[in-house]
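There is one chain below, alone, in structure tokens, taken in the form predicted on its own.
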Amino acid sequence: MEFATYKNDVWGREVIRGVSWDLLWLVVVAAFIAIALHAIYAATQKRAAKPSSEGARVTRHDTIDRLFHWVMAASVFALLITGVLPIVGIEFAWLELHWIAGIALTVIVLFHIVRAVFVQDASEMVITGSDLKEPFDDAKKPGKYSAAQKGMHAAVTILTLLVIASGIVMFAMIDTPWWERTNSLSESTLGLVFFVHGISTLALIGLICLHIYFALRPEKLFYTRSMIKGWISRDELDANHDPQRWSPDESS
């Protein structure tokens, strides 16, 4: 199985066309194998008593951050639906919907970057040496985010920025309400852009499968609830987090 497809340019030279979309099925199968293996492993582990969701509550996610998360999720799913379905043979007028969703994703990500740098504590998402010890020491609890959550965030950040950057270049090459299509890039350069866009999209598909799986696991559902309602209980905080590393405010 190849990672890329090739073609001959106008001069007869072989240049890259883009990613090989045969990899899509490899990514999906690999993701579901990883999910199955983790589910089997988790089923063999002794579960601690589930902390109560009753009683005092603390704020985990502000309203604006929850809104960002769901708008980004909607934009990404819109991009995947409009970008991948035509590739697997489901034809519809997808291009305009695709670039509109791409603009939405770009705007919301830029907003999040500004907020993370100037309003939030960006260090909360930095992977530290202490984070790396968590998987090997059951007594070691994370701060606001675990090592796995930080790793997922870092991977999604890199892939999303690659998708956006390559998407902006591709956007400049098509007809829009603001400009007409140009052919300013060589076929080889444009093919490389298509490859970066495609391979980062495939990697995102795999990560999204894993993200949804972990978000729906019974012991992680309180995190999903916090992304909807904003809070976790004090009991859930004490059971899953180190208060010396994260001491959130009480939720009203």
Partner chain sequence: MNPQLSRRRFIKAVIASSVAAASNSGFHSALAQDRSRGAVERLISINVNGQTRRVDVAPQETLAHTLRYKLSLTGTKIGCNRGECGACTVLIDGITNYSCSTLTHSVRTRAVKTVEGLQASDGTLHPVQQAFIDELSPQCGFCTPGQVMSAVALLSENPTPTREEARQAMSGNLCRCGAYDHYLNGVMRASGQNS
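Positions refer to the first chain, counted from 1. All values reported here derive from a predicted model rather than from experimental measurement.
What comes next is about the form predicted in complex with its partner chain, which does not appear here.
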Next on the checklist: I'd like to know whether residue 234 contacts its partner chain in the predicted complex, with contact meaning heavy atoms within 4.5 angstroms.
Outcome noted: no
Checklist entry - With a 4.5 Å heavy atom cut-off, would you call residue 170 a contact of its partner chain in the predicted complex? => result yes
Item to check | its partner chain contact at residue 197 in the predicted complex, heavy atom, 4.5 Å | outcome: yes
Checklist entry - At the 4.5 Å heavy atom threshold, is residue 98 in contact with its partner chain in the predicted complex? => result yes
Item to check | Of 119, 126, 88, 132, the one that lies within 4.5 Å of its partner chain in the predicted complex (heavy atoms) | outcome: 88
Item to check | its partner chain in the predicted complex reached by all of 17, 22 and 94, non-hydrogen atom within 4.5 Å | outcome: yes
Item to check | Residue stretch of 65-73, 212-220, 23-31, 52-60 approaching its partner chain in the predicted complex, non-hydrogen atom distance within 4.5 Å | outcome: 23-31
